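One chain comes next, on its own, written out as structure tokens in the form predicted on its own.
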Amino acid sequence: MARAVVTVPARATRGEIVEVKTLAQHPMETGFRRTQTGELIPRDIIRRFTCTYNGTEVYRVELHPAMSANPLIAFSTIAAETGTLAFQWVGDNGYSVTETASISVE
């Protein structure tokens, strides 16, 4: 089963820039390697990561075969209001993981 970890500050001041870190468990097979018998190993990557803050998209990235396994994605956003950040990773072969984190803004 796929797993993801997110780190978001529990509290922030309105207008403060906060750092968000995510780590998704995934082997990220490029599709270019071969087995010992010469067969091509099928591509299996995370293709897209998105983050929404109270329903508004604040970050999106398209990933490609050169990404490392278990990709760490870090970005910043502005603490606008108390609410929920929702994270989604979507990949090949039906891979889909979602996580949420709350932030309290004063």
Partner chain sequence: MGTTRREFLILAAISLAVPEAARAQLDPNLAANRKAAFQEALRRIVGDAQVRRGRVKLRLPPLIDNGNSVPLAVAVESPMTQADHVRAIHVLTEKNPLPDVVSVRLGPRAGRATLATRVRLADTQSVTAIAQMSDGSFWSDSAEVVVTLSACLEEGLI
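Please read all numbers here as calculations on a predicted model, not as lab measurements. Residue numbers count along the first chain shown, from 1.
There is another form of this protein, the form predicted in complex with the partner chain, and it is not shown here; the text below is about that form.
Taking non-hydrogen atoms only, Pro42 never approaches the partner chain to within 4.5 angstroms in the predicted bound form. In the predicted bound form, the partner chain lies within 4.5 Å of some heavy atom of Ile17.
Contact annotation: Gly38 falls outside 4.5 Å of the partner chain in the predicted bound form, judged by heavy atom distances. Using a 4.5 Å cutoff between non-hydrogen atoms, Leu23 counts as a contact of the partner chain in the predicted bound form. Of all the residues from 30-64, those having a non-hydrogen atom no more than 4.5 Å from the partner chain in the predicted bound form are Thr30, Phe32, Arg33, Arg34, Tyr53, Thr56, Val58, Tyr59, Arg60, Val61, Glu62, Leu63, His64.
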